[in-house]
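One chain comes next, on its own, written out as C-alpha cells in the form predicted on its own.
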C-alpha cells in the first residue's frame, strides 16, 4: 500500500501554519521474471552533459529518484524518497526521508548525502525557477533535510519531483549512483545505456534482470524497429502509425494525455497582431477539432486555453471557446485596424505536424481576409528569431515535466519571464506579457502557500490571456507508446519522463 499526500492536503495544511505529516510505504517482494528488454527513446540518455548524474540523463532513467513524485494522472504530489514534509516558516521547509533506502554503491541514503547532492547540482546548474540555490540544503540529522527557498514558494514539493532533482550519491560522479530500481556500472556516450536490476532496491522489485535504453531520433525508425522486434518498446511512435500498429497482433499500442499543449503564441508588440480585435479574429478562425482529426490522426484533444485540464489550476473548464466562427472572425477583422499587412507564422522545421498546422491556419486566415506567410526555422534559429520580436504567431508545444507546473505561467506571461524578459528590459515591451496587473496575479500565485489562492490567481491570468487573444490554443497532447505484445507494463505516466520500470516484464 502506498499512502499519498494530496496537493489539497499539503497546501491547505501549509496555509494553517503546519502540515500533518503523512507517511508513505511501498510494497516489496513481488515475484520477478527476469530477462532483458530494450526501450527506444527519441534521444540517447548519454548524449549531452550529464556529468552531475554520472553521465546519464535523469529523464526516463530508472537509476535516479527524487524526494517527491507526481502521481500517474498528474493530480497529486506523492511521497517518494521523502515520506513527509512541512513548512517551518514562509521560506523554510523540512523533509523527512525514508530510512530503508540504499545507494547503488551500498551506502545508506541520508539527509547529508541529499544535501550534498542537491547543493552540487545547483552550483553546477542554477535553476532559478526552482527558488533554491546551492546554499538552500542542510541536513538537520540523518533523516531530516531542511530547505530554504529564496522566496515564498508554495510549489516547492511539486518542483522537487522534476527529474533534474534526482539524487546522485555525492562521493563520485564517475558513474550513475542513485537509489533507483536499476543501476549501471558504466556509461558509454556512444552506446545504448545498459542497466541491471538493483538487488537492494527499497520498492517493488524490478521484473526484468536487464533493461537497455537506445536513442533512435527518427520516429519512423522507432516504429519499424518495434515492428521488426529489434526493440521491445518505444515512446513517441508517430501518430499516423497508430492504426497500422493497432492492427498488428504482435504489437500493443497505447496513448496517454500529457500536461502539454500546442499553441500559436501571438506577439502583442509587433504589427499587425498588436491589435486585440485582429488577435480575437484569428482565434475565431481556427478549427481545433479539425486539426486534431486531420493532422494529429485524432490523437489529442482540441484546446481551449494554454494549459490542459489535467493541470490542477488549469482554467480549461471556465474558458469560452472562440469558435470556429468565420463570420464572427470577419466582423472582427473589419472592426480592427488591419490594413492587409502580412501576418508571419513562425514554425520549427523540426516539428512536421506544426508545419501542417501552420499551413492549415494560413488557409483559414485567408478565408477571413488576413494575409499570412509561414516561415520555417531550424532548431538553432527558431527561438532566437522569436526573441528578436520578428514574429506575429509562433507555433510551440509546451508543458511540464514536474508535478508543479507553476513555472509555465511565469515563463510565458510575466514581464520578467523567460519569453519576455529580454525585450521588456531592453525596450520596455516583451512578447506575450499583458502588463503589471497580470504580473501581480502571477506573483500572487507563485508565492501562495495555499492551493485556493494559487488556483484563483492563475485562472484569472488564463482568463485575461484568452480575452486578449495572447495565444491561439490548438491541441492538448497525447503521446503514443508502443510495445511488443509479449511484454506487460509499464503503467503509463502522464509525464513519460517519469515512467517507472519495475513492472515492465515478459508476459
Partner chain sequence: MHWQYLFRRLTLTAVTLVLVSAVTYSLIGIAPGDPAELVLQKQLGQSPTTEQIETFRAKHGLDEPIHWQYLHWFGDLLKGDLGQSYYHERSVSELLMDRLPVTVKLAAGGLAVSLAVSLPTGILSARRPQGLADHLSQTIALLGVAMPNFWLGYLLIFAFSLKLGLTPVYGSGTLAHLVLPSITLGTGLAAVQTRLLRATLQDTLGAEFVTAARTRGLREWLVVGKHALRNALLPLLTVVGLQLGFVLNGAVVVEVVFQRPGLGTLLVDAIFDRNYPVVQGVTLLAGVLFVSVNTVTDLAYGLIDPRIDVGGDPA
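Residue numbers count along the first chain shown, from 1. Just so it is clear, the structure is predicted and the values come from calculations on it, not from any experiment.
As for the form predicted together with the partner chain, it is not shown, yet the points below apply to it.
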I'd like to check something about residue 48: if you look in the model of the complex, is any of its heavy atoms closer than or equal to 4.5 Å to a heavy atom of the partner chain? yes
Are any of the heavy atoms in residue 287 no more than 4.5 Å from a heavy atom of the partner chain in the model of the complex? no
Answer with yes or no whether residue 378 is in contact with the partner chain in the model of the complex, where contact means some heavy atom within 4.5 Å. yes
Does the partner chain get within 4.5 angstroms of any non-hydrogen atom of residue 126 in the model of the complex? yes
Among 60, 359 and 362, does every residue place a heavy atom within 4.5 Å of the partner chain in the model of the complex? no
The partner chain isn't shown here, but in the model of the complex which of 309, 323, 352, 418 has a heavy atom within 4.5 Å of it? 418
Which residue, 241, 76, 214, 406, has a heavy atom that falls within 4.5 Å of the partner chain in the model of the complex? 214
Option from 217-225, 314-322, 88-96, 327-335 whose residues, in the model of the complex, bring a heavy atom within 4.5 Å of the partner chain: 217-225
